[in-house]
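Take a look at this one chain, the form predicted on its own, written out in structure tokens.
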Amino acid sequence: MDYKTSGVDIDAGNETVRRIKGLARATFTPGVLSEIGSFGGLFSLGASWRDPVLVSSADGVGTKLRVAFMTGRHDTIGADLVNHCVNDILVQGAVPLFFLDYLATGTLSPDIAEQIVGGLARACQASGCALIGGETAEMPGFYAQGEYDLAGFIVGGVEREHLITGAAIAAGDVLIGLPSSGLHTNGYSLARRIVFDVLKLSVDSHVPELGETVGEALLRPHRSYLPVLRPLLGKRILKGVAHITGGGITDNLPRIMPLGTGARIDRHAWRTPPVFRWLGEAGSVPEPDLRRAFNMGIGLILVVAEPHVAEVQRGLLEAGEANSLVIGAVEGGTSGVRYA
């Protein structure tokens, strides 16, 4: 007996590290002080910060991974993970500093691992975030052949005076919605049941209502909002920001609202993208359940005082976001979200 016949191939692990070193090194920023392969990643904040607050988050990709398994395409799932994590710290005003990943699988494939890390690295580079390390775990008996799990850990920074906390949100403030690029990384258990169990489609099935295949629609990467929001950070005109993930607007918007405030959402303010209408009709999903499972076309919500709405939308437009919409307002007295 040896380790390899027990299911763990150390040579495959070493080959994986060799392949991904260059991908990760290409993301390094001046703050990185260590190499890939060290026991811990080192990062220096440098002297440019005055009173920095570190903001961290951890997340996964959920059952969107199963669509990647079905298509055999693994080069976008890493971008999903990075962009989700970037958005999660962005809502508090933080910009990403460094990222670590955790990849666990039954049998390690250097080819698949390289595709996954390639997606991680591209998204990190686009966000100015250093991929400084991670863990690749080969765990025979825990995962079926060809399957894996992926998680990410991000650390960002923001000057204390520029933190976005939501504490100043008040009745009369305006809600600005930014469009999503699709399902992002949430609602896939419901989507997969509708598509593959109810409709009996395959990932290669073309859907006329969507103008693309099932695989293309479901694997569209989670959007990063950092490029369009970065110019507004530090200007103190964003009272609150909500990333619309699992739970939809219904559950995520209240997370940033002070006690004694709620939100009114104009459900007619934007046109629901075809993929959500198609899933809802095909699965006969009640509207409240659709709103809690999916983002319904709004991936980020900004809370802004009414006098600053024009300034914020102008800043978004200059940064490349041409489709921001006023989708509602903050109300006093009743917590939660009311759709009108």
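Quantities reported herein were computed from a predicted structural model and do not represent experimental measurements. Just count from 1 along the sequence shown to find any residue number.
The form predicted together with another copy of the chain exists for this protein as well; it is not shown, and the discussion that follows is about that form.
Student: Would D51, L150 and L190 all count as contacting another copy of the chain in the model of the complex, using a 4.5 Å heavy atom cut-off?
Tutor: Yes: D51, L150 and L190 each sit within 4.5 Å of another copy of the chain in the model of the complex.
Student: Among 112 to 120, 222 to 230, 236 to 244, 71 to 79, which stretch has residues with heavy atoms no more than 4.5 Å from another copy of the chain in the model of the complex?
Tutor: Stretch with heavy atoms near the partner: 236 to 244.
Student: Which one of V207, L163, I169, V95 is close to another copy of the chain in the model of the complex, taking close to mean a heavy atom within 4.5 Å?
Tutor: Among V207, L163, I169, V95, a heavy atom within 4.5 Å of another copy of the chain in the model of the complex occurs only for L163.
Student: Given that the partner is absent here, does E318 sit within 4.5 Å of another copy of the chain in the model of the complex, heavy atoms only?
Tutor: Judged by the heavy-atom cut-off of 4.5 Å, E318 is well away from another copy of the chain in the model of the complex.
Student: Would A126 show up as a contact with another copy of the chain in the model of the complex if we use heavy atoms at 4.5 Å?
Tutor: So A126 does not count as contacting another copy of the chain.
Student: Even though another copy of the chain is not shown here, does D173 get within 4.5 Å of it in the model of the complex, heavy atoms only?
Tutor: Residue-level check for D173: no, no contact with another copy of the chain.
Student: For R66, is any heavy atom within 4.5 Å of another copy of the chain in the model of the complex, or not?
Tutor: Answer yes; at least one heavy atom of R66 falls within 4.5 Å of another copy of the chain in the model of the complex.
Student: Scan 83 to 111 and note down the residues that get a heavy atom within 4.5 Å of another copy of the chain in the model of the complex; none is a fine answer too.
Tutor: Residues within 4.5 Å: D88, V91, Q92, F98, L100, D101, Y102, A104.
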